[in-house]
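Read the single chain below, which is given as structure tokens and is the form predicted alone.
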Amino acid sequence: MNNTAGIIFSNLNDDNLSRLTVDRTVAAIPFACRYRLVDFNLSNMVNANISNISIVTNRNYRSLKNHIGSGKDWDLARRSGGINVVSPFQNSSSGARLYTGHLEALKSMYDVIADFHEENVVLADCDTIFNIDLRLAISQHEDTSADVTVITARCKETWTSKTPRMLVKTDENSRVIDMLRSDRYNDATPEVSLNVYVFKTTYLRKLLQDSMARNYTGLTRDIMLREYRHARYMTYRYDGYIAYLSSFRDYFNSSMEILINEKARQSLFGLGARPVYTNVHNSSPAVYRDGAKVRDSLIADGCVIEGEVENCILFRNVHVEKGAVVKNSVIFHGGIVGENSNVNCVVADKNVVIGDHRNLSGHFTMPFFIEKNKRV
């Protein structure tokens, strides 16, 4: 039996991806033809034999619950443990309002955490995409007797983000000696947190009890930036492909990178020992009519292609009609591109209909977005 539980935050950073989260949570945003963002850290946990996983919700989580279902596609439909979608609790510490940060979410589900029998807890967000062997991180966490292990990556000098992230400096033994929150690379703190942490369960409970007594509201601001000097904070560095989704443009750029970067695709989806699991649909195969042209694209089941598709990601049941040309675009489930229309650098949400003889074009630096169920 694994000695680690998992907690995934589904809604945090909704505002940064607001175009895509009007009626869904960050965790439920579609990505790479057939997946949702939650699938990546959920699969990371499952591949590490973590079988007690809580997904913390806040609002707009109907599509997330539909996607997760019973958890059978992740082998988490179990009598004991398994997957648990935790609804937002309201208690005296939350002031009868929904949580807005990690710490408030954790305090609202303290009773759930108090029942964990596992020695460790992995906390993870959904806005960072990568495929990591968490077993190695957990093993290091235990071998070093760490209170907290921060999963990090090496900062790039060109790295910037609209969302401040935790930057970390370590000694030669990977122990944290400096931490700060910033939206820019800093030479003094060369590693960035991937918003995945391994906590000792007893230490997490202690922090939550202290935060409720002192009315703290920020996990990193009020606790981690204070505590790392007095507790044993370590890092585990990940060196594979990472996609940061701190804005709608990040989402578009990461989608395009998956198409053109073979190394990125292999780092996410080409690791046989660490597959990315998702909700399986029994759909009919894609149909390519006479005259269809498809290049460098990901096409999901149920699509019907009669026109030309280049450098695109098409989700299930998308129909590209005769004479239509779709390039550098992401079309969500049920989208239709009408006859003789030209579409370039567009992200079309679910069930969007683009009529005949339309010309829509954004740019790689400013992709065009069409809201769910719209007709153009």
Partner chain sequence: MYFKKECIAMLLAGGQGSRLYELTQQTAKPAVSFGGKYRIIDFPLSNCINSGIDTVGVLTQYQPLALNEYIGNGAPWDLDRSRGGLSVLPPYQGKKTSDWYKGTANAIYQNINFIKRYNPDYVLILSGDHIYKMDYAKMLSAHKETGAVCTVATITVPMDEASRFGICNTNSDGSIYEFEEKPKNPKNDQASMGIYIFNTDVLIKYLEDDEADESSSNDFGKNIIPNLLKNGEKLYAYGFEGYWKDVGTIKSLWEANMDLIGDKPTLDIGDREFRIYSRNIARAPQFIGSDARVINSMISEGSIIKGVVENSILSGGVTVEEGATVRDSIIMDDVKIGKGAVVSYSIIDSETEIGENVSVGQPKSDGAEICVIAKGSVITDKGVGE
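Since we're looking at a predicted model, the values are computed, not measured. Residue numbers count along the first chain shown, from 1.
One more form of this protein exists, namely the form predicted in complex with its partner chain; it is left out here, but the text below deals with it.
Distance criterion of 4.5 Å from any heavy atom to its partner chain in the model of the complex singles out A286 from the list L225, A286, V85, A231. Screening D183, D111, D210, E262 for any heavy atom within 4.5 Å of its partner chain in the model of the complex leaves a single hit, E262. This chain is displayed without its partner chain, yet in the model of the complex the stretch 30-38 from 324-332, 30-38, 340-348, 50-58 comes within 4.5 Å of it by heavy atoms. Among heavy atoms of S297, some come within 4.5 Å of its partner chain in the model of the complex. Within 4.5 Å of any heavy atom of its partner chain in the model of the complex lies no heavy atom of L136. At the 4.5 Å threshold, heavy atoms of N282 reach its partner chain in the model of the complex.
Though the partner is left out of this view, K72 does reach within 4.5 Å of its partner chain in the model of the complex, counting heavy atoms only. Heavy atoms closer than or equal to 4.5 Å to its partner chain in the model of the complex belong, across 338-357, to no residue whatsoever.
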